[in-house]
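Below you'll find only one chain, the form predicted on its own, shown as structure tokens.
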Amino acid sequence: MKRWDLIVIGTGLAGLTAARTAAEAGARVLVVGRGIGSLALFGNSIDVLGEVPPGVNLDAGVSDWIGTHPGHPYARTGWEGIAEALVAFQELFPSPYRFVAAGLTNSLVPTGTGTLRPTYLLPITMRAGAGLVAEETLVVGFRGFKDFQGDTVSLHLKCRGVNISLPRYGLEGLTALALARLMDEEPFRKSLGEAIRGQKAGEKRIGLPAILGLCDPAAVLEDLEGVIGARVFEIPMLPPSIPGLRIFNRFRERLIAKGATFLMGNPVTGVTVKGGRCEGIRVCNPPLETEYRAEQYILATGRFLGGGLWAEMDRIVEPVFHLPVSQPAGRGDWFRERFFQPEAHPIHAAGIATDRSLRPSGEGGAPLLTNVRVAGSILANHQSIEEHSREGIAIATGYRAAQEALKA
């Protein structure tokens, strides 16, 4: 039986970051996941902490936040750890398709509902949407493409919007993935650019749904801007997320090049624990169940959507290692009286508590498993949706978890 240096359970951004960090250091890495993770659903830009207003330096803002939120996952890494992890992430995406920031501060970018949200790192295909000026912007939707309502987006952004027919297609029900593949074809995107240019009325920026190709989005962007004669930017939309698929594909490509192995499609059905250490995990591929062993393990299975946490009738459980979950006292305390309100629901902070090395901990803070680390949104004491911190937590804690595992 082959023995690994590190087994990462989870294929979201936290798990991929941990796996890549370890593989780059020469470790033998196995990545286990049921699917391709939440990047395909929500991955677009990299939020670090939206609570820090645009124009305020993130280093100071995040450091102050950590000081008033000592249980937050960022308290396990500090700003220095966050910054180091973000640099490592950016290095995975060299020019021309790179992730950029407006200095050391958040930007406001448009969403598929026509609102503006704060974020830090943007793929180059979204950069022109930061600091949007309504009177200089045209939002373009496609007839027959139902995942992006250009009229609604432009209405809320108070800019002009048009819907155009796709060149040679105009098919009802065309999917985001199909459109992205068409964008990878040079004749198609140039014909599309000409159609958009004919709709321009002096606008300097053109907003499109986030479907600017899977293989070479930077080339798609360059071609469209050259034909249209204006800056072009992607606007995130309903799942699937094409920018998220680009991130996943880049991580997978790099990990395979570094010798990592992917085992996807089947869940972890059990673990073997002795003396406070995990000795192996079991993966079921009916009718067979196979055990995989490693020196170190990282749990990065996400929260409820990813199956990292399960909500039973009266409690929340972690199904892989059966770790204790920090959670409200009873089901009646999971949600506040009104669903839509400024304050986050208590259930959103549920998760696994850890020590400073990201090992799962029990009462008193003592580690429960000495060779297991926890990373990503499954960690306790954050409100990543309200904080706009989801990707930052994933990258920072995934990076730190791998570092701690390699030191052990």
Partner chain sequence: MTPATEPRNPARTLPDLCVRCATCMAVCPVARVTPRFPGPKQAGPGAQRFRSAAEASVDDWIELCTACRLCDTACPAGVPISELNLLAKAKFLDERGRGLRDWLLVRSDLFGELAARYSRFVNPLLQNRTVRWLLDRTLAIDRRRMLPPYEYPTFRKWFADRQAPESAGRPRIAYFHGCFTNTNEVDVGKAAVALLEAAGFTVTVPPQRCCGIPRLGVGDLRGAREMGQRNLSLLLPTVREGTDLVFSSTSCGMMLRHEYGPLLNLPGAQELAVRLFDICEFLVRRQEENDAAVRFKPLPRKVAYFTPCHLRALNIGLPALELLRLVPGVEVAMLDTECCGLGGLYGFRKEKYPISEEIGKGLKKEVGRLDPDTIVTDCEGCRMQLRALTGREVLHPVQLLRDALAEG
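All figures in this text were calculated on a predicted structure; none of them were measured in a lab. Residue numbers count along the first chain shown, from 1.
FYI, the form predicted together with the partner chain isn't displayed, but the following is about it.
Residue-level contacts in the model of the complex: of Gly259, Gly71, Pro96, Gly131, one residue has a heavy atom within 4.5 Å of the partner chain, and it is Gly259. Contact with the partner chain in the model of the complex, defined as a heavy atom within 4.5 Å, holds for exactly one of Glu91, Glu222, Asp333, Glu289, namely Glu289. No residue of the trio Val271, Val325 and Ile352 has any heavy atom within 4.5 Å of the partner chain in the model of the complex. Of the candidate stretches 131-139, 77-85, 199-207, 181-189, only 181-189 contains residues with a heavy atom within 4.5 Å of the partner chain in the model of the complex. When the partner chain is considered in the model of the complex, Thr105 lies well away from it, no heavy atom lying within 4.5 Å. At the 4.5 Å threshold, heavy atoms of Asn266 reach the partner chain in the model of the complex. Using a 4.5 Å cutoff between non-hydrogen atoms, Gly276 does not count as a contact of the partner chain in the model of the complex. For Pro240, a non-hydrogen atom is located within 4.5 Å of the partner chain in the model of the complex, even though that partner is not displayed. Contacts to the partner chain in the model of the complex (heavy atom within 4.5 Å) from stretch 33-55: Arg34, Gly35, Ile36, Ala40, Leu41.
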